[in-house]
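Quick heads-up: it's one chain on its own, the form predicted alone, in structure tokens.
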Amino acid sequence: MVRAIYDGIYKDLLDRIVDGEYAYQSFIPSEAVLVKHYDCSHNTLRRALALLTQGGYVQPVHGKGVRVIYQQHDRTPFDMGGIETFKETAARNDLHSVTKVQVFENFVADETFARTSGFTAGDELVHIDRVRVLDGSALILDRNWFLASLVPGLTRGIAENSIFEYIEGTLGMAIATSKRTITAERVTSVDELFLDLDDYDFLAVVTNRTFNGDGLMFEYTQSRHRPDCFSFSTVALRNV
């Protein structure tokens, strides 16, 4: 219940920041004002503000308040510091999105794939290729491999909607950590088949290895993006 309260406050404040109601470099209302507005405790509000700080939307300034440091991006920002589904990113950026499943098959990891992915040779996987269409253009190719024993019951319909929603909502498995690498790679024949490349011969590729609450890797994904349409952001904090 407590998480639902501060998560709701976080989302409301986030919407106000993104919509420009709380402009870049301005201070949001004081803690006392916000506690009264949301009818919540100071601790609950501080949890919501901590999420905004971690996301790089605000920065507490000692003796002054909480300043907005969020700026709109010209390109769709994919948050590298959190684990966000494609649906959530598209909705956050007010984009019309469609997911098209192009490949859905069983797959057994061999030695070569095991070295690349982090799975073990002989692991039974589900391989899914999904094209992400944003505002009518095929801009992302997600090549996913899921460990079948940890993510049973996958279907094309689930893949077209949200696999992470299925994992958390239906299977009840916690999604805890994702290790990511970003590279620039030449376009492949598979990319040419599925994406609207607009003469680009390379893609921005985000490789994810995702772990559940028990520290077990259940997903390996290459998310292949047309480079002119996306930016990737994270938040770095200096520890001194």
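So that the term is clear: the rigid core is the largest set of C-alpha atoms that superpose within 1.5 Å between two forms. Residue numbers here begin at 1 and follow the sequence given. Just so it is clear, the model here is predicted, and its values are computed rather than measured.
Below: the form predicted together with the DNA, not depicted.
Contact annotation for the candidate site: 6, 30 and 64 all lie close to the DNA in the predicted complex (heavy atom within 4.5 Å). Interface residue among 208, 177, 188, 41 relative to the DNA in the predicted complex, by the heavy atom within 4.5 Å criterion: 41. Within 4.5 Å of any heavy atom of the DNA in the predicted complex lies no heavy atom of residue 37.
Residue 175 shows a C-alpha shift below 2 Å between this form and the one not shown [criterion: core-superposed Cα displacement of 2 Å]. Fitting the two forms on the rigid core leaves the C-alpha of residue 62 displaced by at least 2 angstroms between this form and the one not shown. A displacement of less than 2 angstroms separates the C-alpha positions of residue 210 between this form and the one not shown, with the rigid core held in common.
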